[in-house]
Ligand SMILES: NC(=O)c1ccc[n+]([C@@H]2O[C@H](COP(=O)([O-])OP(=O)(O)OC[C@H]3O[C@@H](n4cnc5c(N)ncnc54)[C@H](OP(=O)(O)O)[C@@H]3O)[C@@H](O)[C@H]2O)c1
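Taking the form predicted alone, here's one chain by itself in structure tokens.
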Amino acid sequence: MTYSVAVSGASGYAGGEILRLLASHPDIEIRTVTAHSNAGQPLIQHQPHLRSLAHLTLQDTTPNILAGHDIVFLALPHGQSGQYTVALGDVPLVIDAGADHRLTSRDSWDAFYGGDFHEPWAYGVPELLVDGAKQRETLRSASRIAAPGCNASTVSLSLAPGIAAGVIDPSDIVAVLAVGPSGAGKSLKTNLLASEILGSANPYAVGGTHRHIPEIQQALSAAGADEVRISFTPVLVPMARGILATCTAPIIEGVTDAEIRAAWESAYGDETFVQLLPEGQFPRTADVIGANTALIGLAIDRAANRVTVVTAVDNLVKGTAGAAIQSMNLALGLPEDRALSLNGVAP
């Protein structure tokens, strides 16, 4: 069976990456692409790397244009996709790459986003531990899926195994992330100009203000944490893609080194796209560019009595579009890895 697909926000980074991955998916026909200010223009004008989709023209993002497909991807800024929920009620599968359907708490939404609160959808991180099982079991029957925030899923995948196994204390988490500016979208912003970021590292959303914090707390609570307290500091660095997340948490008293490593080995030993590296090895963002892969390095710092987890992902693939398509595959009953690469691009 071939599924017809519409992608909104197709002129942006997330929409473009969804299209790049779907273009090689044997079960998908990309029928419609939409945008707002760029409607009426050829897709190739805004996504010149998508040569196989040069025949497509960007249409207006309206419910009528998006309806009538088997699958709709919403790759829109936060606060914009929720307006389509009711109008797309007859679409069998809708996947939101924005934030509108990620949070279960209205209070958290009000505190970090504001505007209308929308119902939470199935969270699109298949490997995440939730109540002792994997989130993929929920995704298998989902018709509405919220793709994750890239920083949030990276931190959550980093720490969930230790929380679920009871070997780390989630009430004192510190996470510092080096991130590429593509995660902020394609809209023109002065702080994202090349002259502002080249040769510099720039912290932002410091002091508990980043919008992915409640998403991390929600995911880690689902993994088994009674209380999640996190100091979260992202830093823009001059690379187009990638996240390198360094997360630390205290070790629970009496836990052995072997038990700590076993928690992550047990969680990810059978996973395709989330891999724990051998002891003493740590990932680079260069190793995952273009891939739907999260590589994890684990260190046990007994002097500080903390576990350190270093995780690398491509924010546009495993952090966003790859997670969305991996979740789509599960919802459709297709092989989970279809159209998703395990291999990065190097150099």
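Numbering starts at 1 and follows the sequence shown. Given the structure is predicted, the values throughout are model-derived calculations rather than measurements.
Omitted from view is the form predicted together with the named molecule, to which the following refers.
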Taking heavy atoms and a 4.5 Å cut-off, does residue 37 contact the named molecule in the model of the complex? yes
Interface membership of residue 186, the named molecule in the model of the complex, 4.5 Å heavy atom rule: yes
Residue 98, heavy atom within 4.5 angstroms of the named molecule in the model of the complex: yes
Next item on the list: Look up in the model of the complex whether residue 76 has a non-hydrogen atom within 4.5 angstroms of the named molecule, and give yes or no.
Entry: yes
Are 14, 182 and 316 jointly within 4.5 Å of the named molecule in the model of the complex, each by at least one heavy atom?
yes
In the model of the complex, the residue from 126, 148, 170, 214 with a non-hydrogen atom within 4.5 Å of the named molecule is 148
Testing 29-37, 278-286, 303-311, 48-56 against the named molecule in the model of the complex with a 4.5 Å heavy atom criterion leaves exactly one stretch, namely 29-37
Of the residues spanning 213-229, the ones with some heavy atom within 4.5 Å of the named molecule in the model of the complex are none
